Each structure stands twice: as structure tokens, then as C-alpha cells.
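Next up: a single chain in C-alpha cells, the form predicted alone.
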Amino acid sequence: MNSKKFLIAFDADDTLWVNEAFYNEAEQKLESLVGPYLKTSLLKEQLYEMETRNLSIFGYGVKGFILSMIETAIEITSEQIKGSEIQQIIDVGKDMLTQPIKLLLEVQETILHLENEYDLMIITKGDLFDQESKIARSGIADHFRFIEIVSEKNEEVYLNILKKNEIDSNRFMMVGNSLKSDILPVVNIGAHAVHIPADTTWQHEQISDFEKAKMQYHELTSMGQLPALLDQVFRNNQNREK
């Protein structure tokens, strides 16, 4: 890599394309499926608790989510759920894994605008097969010089990526929708971070207002604002080096 170039990394799910909305739809289908069995309205809370417990076993992604849905359905119905109903949950997962990729607004135009001036990277976490498939189906994979699929996004992971690509933290910028995964660890290693909030964000990816207040990062309302911000940050970076 050209050591004088800036490396711009993008989260994938809910930064480049729609993702969380499909999980919300799956939760609604589960609710209607197990509704006749329910004696409580805490299905979403119980599903989230199950997902959280299972993260260390299944990791992130659709497959782990569907397994947690099945386990929650069995538990919440006191094992009364039918095999045919479990099959419906599995079918929901299959639909999620094969649905068309829907790029978010201004993503394609922005990537095309940036690719000749910056080295571009995707850093996404989750199931390897699922993430590879989504990237391939996105139609924009060829515009990224590097792709990293990781099991977690933390300071160690980001530092290893920078070391592998021989780039200083002040030449690295991460763009994403998750304050917990895309912003906080990047700020903590002294790199640049850009938060572009999504319409919906998974509860697990949220952080407290106290943690937010401690961080210095950029926030945009749309992907189309990124080129102008990059020009400003990169120009300031060059001026500091003179």
C-alpha cells in the first residue's frame, strides 16, 4: 500500500446496505407464529437475552439469530411448538440468507467517487459464508481494494488490520452505523471515525450517552456527505505533515 494514501473502511450491514430491517421483520413473524402460545408480552426481550447468551457460541449473523429464535420459541412455548412451526422459522432464515441486497441511498455514487483517490476497504463482522455472499451480491465488491470479515470489532482487531496493511492510525478512517463496533474502538486507537446513523440499530450495538460524550468523532446524516468531509480531514492531515 502507498503509505501516503488514506485508507477508508466501511462497515457493511446498515452502512452500505439494508440489514436490521430484515431482522425486525423476522421477529414480527416469530411473534405471530408463537402468539397463540404466549402468556407474556416479553418475547422480544427473551429473544434478545437468548441471542446475547448465544453470541459466544454462534457468533453474529443470520444463522445464529435463527437458532436463537428456535431456542426461544421452544422455551417460551414450554416445548409445545410444533415441528412444522419450527420449519417456518427455518424458512424465515433461508429467506434472509438469499434476499436481494438493497444498497442504501448514495452508497454506490459515493464509492465510485472515492475509489480513485482513496484505498477503500470493507470491515464487517458475522458469519463468513453469509457476509461473503452479501458482498458478492452487492454489486460493489470490485470497488474495494481490501475486504475483512471478522468475528468481532474491537481495538485489537482494528490494530491488527492497520498493522497488516502497514498504515498509521491517523491515515485510517472507519465509516459505520454502530457506535459500539465502528466508532468507539476506532477512536480509542487514535484513528478517524464517521458515524452515519441507520434507521434502526440492534440493541446490542448501542452505547450509553456517557460513552458517546467521551468520544471525538464525525457524524453525518447521509453517505453523500462523506467526500466533502474526507477532503477536509485529509487536507488537515497533509497540513500537519508540512
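Don't overthink the numbering: it's just position in the shown sequence, from 1. Note that this is a predicted model, so its numbers are computed, not measured.
This next part talks about the form predicted in complex with a further copy of the same chain, which is not shown.
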Going by a heavy atom distance of 4.5 Å, is Thr98 a contact of a further copy of the same chain in the model of the complex?
-> yes
Is there a non-hydrogen atom of His195 within 4.5 angstroms of a non-hydrogen atom of a further copy of the same chain in the model of the complex?
-> no
Taking the shortest heavy atom distance, is Asp168 within 4.5 Å of a further copy of the same chain in the model of the complex?
-> no
Proximity of Ile81 to a further copy of the same chain in the model of the complex, heavy atoms at 4.5 Å | yes
Report whether all of Tyr60, Gln87 and Phe129 sit within 4.5 Å of a further copy of the same chain in the model of the complex, measuring from non-hydrogen atoms.
-> yes
Pick from Lys102, Lys94, Arg145, His113: which has a non-hydrogen atom within 4.5 Å of a further copy of the same chain in the model of the complex?
-> Lys94
a further copy of the same chain isn't shown here, but in the model of the complex, which of 29 to 37, 171 to 179, 185 to 193, 60 to 68 has heavy atoms within 4.5 Å of it?
-> 60 to 68
